[in-house]
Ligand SMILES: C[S@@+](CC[C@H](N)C(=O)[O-])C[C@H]1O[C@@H](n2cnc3c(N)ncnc32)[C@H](O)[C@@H]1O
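Only one chain comes next, encoded as structure tokens, the form predicted alone.
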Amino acid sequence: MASLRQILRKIPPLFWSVGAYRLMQFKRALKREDAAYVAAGDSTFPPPMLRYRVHRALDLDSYVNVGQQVAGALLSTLSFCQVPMENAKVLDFASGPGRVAYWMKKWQSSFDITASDIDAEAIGWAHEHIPTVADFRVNDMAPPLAFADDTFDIIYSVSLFTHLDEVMQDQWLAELARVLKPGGVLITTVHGTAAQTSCTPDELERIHRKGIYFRRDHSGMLKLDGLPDFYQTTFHTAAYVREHWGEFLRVEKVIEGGLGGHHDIVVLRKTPHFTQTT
């Protein structure tokens, strides 16, 4: 896969032709899934396009299964790290239409969840259809968030820092640290070693040299998820996370392959006397 992608990028007309073909196939599949969704008449879970934006697949079964797996992994990590969960004030950051929040609330009913995302359509759907799960809010593409300092006991953000460049990551790490209570925990995920099988030798060299690599794939109409062009694919080393992210919050654990054997789980804590160096 890596060599094919590398070849296509060197031949722009071919790269765009393949992208256009993928777009045509995607639109056909989306039309079929939309028809099935309407026929089923069940709005417990979001329509296909909203599922795709957070899941990269259109089918309902995998959306539900992955949502359950992610929520289970997060709760297990919180328990393992001995994070108090009863009546915790929780922020699901980059929540989409509530794929994970739905199960977090179902399995930990005392959670007081706020879910936030830049995707106004996804947030609007969730606010209308699953309002008891969380307080769903739209946030801007850049900080600040509309929350006071030291608001949340727990923040989790799944598959966000896997898609932002280093500048945006630093901005959001600083902002999440601001709204996290002293002693509070942030759990997020990165593309570590287990997720680097699609990388070319040159990309792997860049990852190992700097510790982070931001790869630009499709943009514009060929970007099938419909999200902004700044949302691409990012890879990290565990050493980079420990050193650089440690400037914002104390890095307690990097669990390599901890989420489905693909994403690394990163656990960070805001210590009462922690001082940022950036």
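Because the structure is a prediction, the values reported are computed rather than measured. Residue positions are given as counts along the sequence shown, with the first one as 1.
There is also a form predicted in complex with this ligand; it is not shown, and the following applies to it.
C81 falls outside the set of residues with a heavy atom inside 4.5 Å of this ligand in the predicted bound form. Residue contact check for N139: one or more of its heavy atoms lie within 4.5 Å of this ligand in the predicted bound form. Using a 4.5 angstroms threshold between heavy atoms, V100 counts as touching this ligand in the predicted bound form.
Although the partner is absent here, S159 is a contact residue: one of its heavy atoms lies within 4.5 angstroms of this ligand in the predicted bound form. The partner is not drawn, yet in the predicted bound form one stretch among 128-136, 196-204, 180-188, 161-169 has residues with heavy atoms inside 4.5 Å of this ligand: 161-169. Residue-level contacts in the predicted bound form: of Y231, W245, Y213, F45, one residue has a heavy atom within 4.5 Å of this ligand, and it is Y231.
I118 is the sole member of A88, A174, I118, L75 with a non-hydrogen atom lying within 4.5 angstroms of this ligand in the predicted bound form.
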